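Okay, here we've got a single chain as structure tokens, the form predicted on its own, with questions on binding and movement later.
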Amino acid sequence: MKSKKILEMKSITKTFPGVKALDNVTFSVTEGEIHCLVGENGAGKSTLMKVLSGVYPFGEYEGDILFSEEIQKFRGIRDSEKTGIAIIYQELALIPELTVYENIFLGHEIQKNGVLNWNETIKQAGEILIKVGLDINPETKVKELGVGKQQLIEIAKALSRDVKLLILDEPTAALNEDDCDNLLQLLKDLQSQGVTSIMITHKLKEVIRIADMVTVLRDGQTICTLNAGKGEVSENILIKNMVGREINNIYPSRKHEISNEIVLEVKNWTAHNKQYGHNILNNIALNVKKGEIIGIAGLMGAGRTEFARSLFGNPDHYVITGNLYIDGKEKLFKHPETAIEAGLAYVSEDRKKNGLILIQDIKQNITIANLNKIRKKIIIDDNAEIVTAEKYRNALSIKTPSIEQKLNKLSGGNQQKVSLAKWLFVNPEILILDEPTRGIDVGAKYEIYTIMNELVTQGMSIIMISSELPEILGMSDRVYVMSEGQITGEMPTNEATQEKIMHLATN
């Protein structure tokens, strides 16, 4: 491993109105290494990388950036790209209607005598695709590819610019296990070709697997830099430095009696997708008791989210057959509004697309699902809205300088808490949580788990869909496993293991 520093960020301070996002942060990366940047949501990781890449230009922060031993004063992303820095965000910046080769060279098209040279573009795109391990036609439209392949195309875009330092912000958040493995192996392959990488991730197992060095940020400050080669990187050490305390058991214990009263039951539940002409759910049967957390496990594409949405007012307009009972009374909800009125709430897996309105503020997002409760005749009672938002801000420890803060300014963990607050405000009897901790850090996860435990202790029932098997085993009372739109098994958690669940999920 070379000892030359490719990047040094010295005493970086970045302030937003009411918030010091970065406070005298120092961060350095050695040429040729894979350096992971970790910390709780809101620790300043993405902000630091936006300073580095020029999203927050020179003059909007204090401190110095040295790249290849030269002080840099980036005025925008184009400046950082010219020096060989490329950043890939969690929300991919591809244009679905364009081809792969058009996306790869977008913004720096290959020209000959002032005319776009498409033949050469396609040829070079094919060569870059081989480097990232993608065996696809460069003329394929991006919209025809899965998320995993789209992520690799983002990396191909970076390689097309002769990248020296590749920054990846939560690159595996939306990927399945195979795509995660492919991406991590690609970073290792690129490392052997001389590419230095910085990866922001909440998945500590990935950090342990891939990192040469790890820097931990907390509350906008550098806490430590750990050397994996010296045995300094372990899950316990990372967690302790990230949250400022040891979390010996990330799944808080819960001691309460579960009632025998069944609050939700489905029988022979089948959903037919008219658009594609096939059943996406087949003869589902399950029940949920008062005060119980039910875990639903399964691989991507098993039908878990489709099941949740079919219960919650069927917004995808599947043809539904079968029976749904809430508190013993048969129901069939044709709109989410009627599901809410019956005591059902659904926290969606994609909080940014389906769960929240990012351009609105916190108080508007919290109250939007139950405006009747805060209105006077046809007018929203502003005071009631403020009181409600402050109540949930305090109850869920939402970190924000104000409930007037726009959602797009919050970290992922705090956005998730707002999404949860929105549905708690409708006072549901049954809460469906679809991937409740996706993309949030270990400290925020613990807080979400604690809230879940408090809710069921108070008598609420929870259906939790999760792709993380430790989470299923750590938080559920019973587990249902789905595969190809069917329930393939059900067991109490104390009898479940990851191996049993995976066996049922692959049936």
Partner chain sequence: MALKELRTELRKNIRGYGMYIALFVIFVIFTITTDGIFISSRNISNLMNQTGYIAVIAIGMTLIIVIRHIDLSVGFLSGFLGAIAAIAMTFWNLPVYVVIPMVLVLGFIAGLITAYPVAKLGIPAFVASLAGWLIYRGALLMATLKTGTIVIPNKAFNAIGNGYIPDIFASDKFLPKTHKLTLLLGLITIIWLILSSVKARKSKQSYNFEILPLDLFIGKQIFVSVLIGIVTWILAGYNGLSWTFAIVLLVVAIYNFVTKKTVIGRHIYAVGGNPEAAELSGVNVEKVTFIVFGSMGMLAGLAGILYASRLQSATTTAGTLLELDGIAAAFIGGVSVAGGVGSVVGSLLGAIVYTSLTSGMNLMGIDISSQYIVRGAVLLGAVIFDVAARKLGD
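Residue numbers count along the first chain shown, from 1. Everything numeric here is computed off the predicted structure, so don't read it as measured data.
Same protein, other form: the form predicted in complex with its partner chain, not shown, and the subject of what follows.
Item checked: Lys123, Lys409, Lys289, Lys399 - the one with a heavy atom within 4.5 Å of its partner chain in the model of the complex -> Contact with its partner chain in the model of the complex is made by Lys409 alone.
Notebook entry, point to check: Since exactly one of Ile368, Ile320, Leu116, Ala395 fits, which has a heavy atom within 4.5 Å of its partner chain in the model of the complex?
Noted result: That would be Ile368.
Check: Looking in the model of the complex, is its partner chain within 4.5 angstroms of a heavy atom from every one of Thr26, Ile77 and Gly194?
Finding: Not a single residue of the candidate spot has a heavy atom within 4.5 Å of its partner chain in the model of the complex.
Next item on the list: Using the partner position in the model of the complex, report whether Asn427 sits within 4.5 Å of its partner chain, counting heavy atoms only.
Entry: No, Asn427 sits far enough from its partner chain in the model of the complex that none of its heavy atoms falls within 4.5 Å.
Next item on the list: Using the partner position in the model of the complex, report whether Asn414 sits within 4.5 Å of its partner chain, counting heavy atoms only.
Entry: No - in the model of the complex, heavy atoms of Asn414 and its partner chain never come within 4.5 Å of each other.
Next item on the list: Tell me, yes or no, whether Thr270 is in contact with its partner chain in the model of the complex, where a contact means a heavy atom of each within 4.5 Å.
Entry: Answer no; every heavy atom of Thr270 is more than 4.5 Å from its partner chain in the model of the complex.
Notebook entry, point to check: Can any non-hydrogen atom of Gly355 be found within 4.5 angstroms of its partner chain in the model of the complex?
Noted result: Result yes; Gly355 sits at the interface with its partner chain in the model of the complex.
Notebook entry, point to check: Just one of 290-298, 201-209, 309-317, 81-89 has heavy atoms within 4.5 Å of its partner chain in the model of the complex; which?
Noted result: Among the candidates, contact is made by 309-317.
Notebook entry, point to check: Hey, which residues along 318-354 are within 4.5 angstroms of its partner chain in the model of the complex, non-hydrogen atoms only?
Noted result: The stretch 318-354, when checked against its partner chain in the model of the complex, contributes His335, Pro336, Glu337, Ile340, Tyr346, Ser348, Lys352, Lys353, Asn354 at the 4.5 Å heavy-atom cut-off.
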